[in-house]
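What follows is one chain in structure tokens, specifically the form predicted alone.
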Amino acid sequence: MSLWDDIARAIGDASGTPFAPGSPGSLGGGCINSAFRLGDGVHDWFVKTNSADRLDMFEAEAAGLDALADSGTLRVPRPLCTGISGNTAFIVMQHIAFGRNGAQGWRVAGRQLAAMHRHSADAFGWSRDNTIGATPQPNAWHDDWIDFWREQRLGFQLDLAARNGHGGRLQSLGEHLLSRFAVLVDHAPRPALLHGDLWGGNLSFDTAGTPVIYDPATYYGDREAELAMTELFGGFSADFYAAYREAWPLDGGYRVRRELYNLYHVLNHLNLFGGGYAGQAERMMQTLLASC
């Protein structure tokens, strides 16, 4: 059987309704996966594919989407099934048609994200490891947020950068920074349910203007880490931030911690793409160390 025959059969088995789709419509996808719309004239599904060794990535994504959906806050595409056909892994989820956004939609997104962050756990981490982009993201449970961020986030990315040939000043600054975490974090967050990879490319609005989030790297962490990433690549609407802060104001010292949290994503971009991210990471670490 072909890939699409296998996917159609998996959809039928998981949904309980026979599914005989037409030809898949390519949606392009990002730099990691290929994406398609698959429909039979009645039901449409969103399908992502990758190599078979990426099945665990898709299974972790499905678990993250379910956790976010179960919070009853922001809309997410519900996953239906995952599987392998030949050399290809796939994930099938609800297809959501996107439309235009406006100020009201951004305000709703801000309030709903604050509500999602109020869903908590007993520790920092996640029930399984997942990925941030194509990079493994370890999520072993920690009672202490500083230890979690130092070991599971920045320390992991710095070790990966060293293995990728990025040594020298980057590593010396990183070692110094890791020793100063308690001073830099300087607050005691409670574990909050996070999307984990929330930038402008992972939040859209459906045809009714309802905000939708997708492509998560879910874990329980400091909610400020989520807010920080929304500001990393240009930021969201001012209405979004005003609504979030009205629902749940941020603690003092956020601006310093924002730089610390976004360093994780800059280091991840260095490990994925190389280029000028090394210089950006070094400048961020110098700024952080100067604030100690």
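Residues carry their position along the shown sequence, with the first being 1. Please read all numbers here as calculations on a predicted model, not as lab measurements.
Absent from the display: the form predicted together with ligand ADP. The rest refers to it.
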{"property": "Contact check for 69, 119 and 141 against ligand ADP in the predicted bound form, heavy atom at 4.5 Å", "result": "no"}
{"property": "Non-hydrogen atom contact residue 31 with ligand ADP in the predicted bound form at 4.5 angstroms", "result": "yes"}
{"property": "Residue contact check: residue 210 to ligand ADP in the predicted bound form, 4.5 Å heavy atom", "result": "no"}
{"property": "Non-hydrogen atom contact residue 86 with ligand ADP in the predicted bound form at 4.5 angstroms", "result": "no"}
{"property": "In the predicted bound form, residue 95 touching ligand ADP (heavy atom, 4.5 Å)", "result": "yes"}
{"property": "Contact stretch among 153 to 161, 99 to 107, 170 to 178, 194 to 202 - heavy atom within 4.5 Å of ligand ADP in the predicted bound form", "result": "194 to 202"}
{"property": "Residue (of 265, 257, 54, 48) lying close to ligand ADP in the predicted bound form, criterion heavy atoms within 4.5 Å", "result": "48"}
{"property": "Those residues of 129 to 155 which, in the predicted bound form, come within 4.5 Å of ligand ADP by heavy atom", "result": "none"}
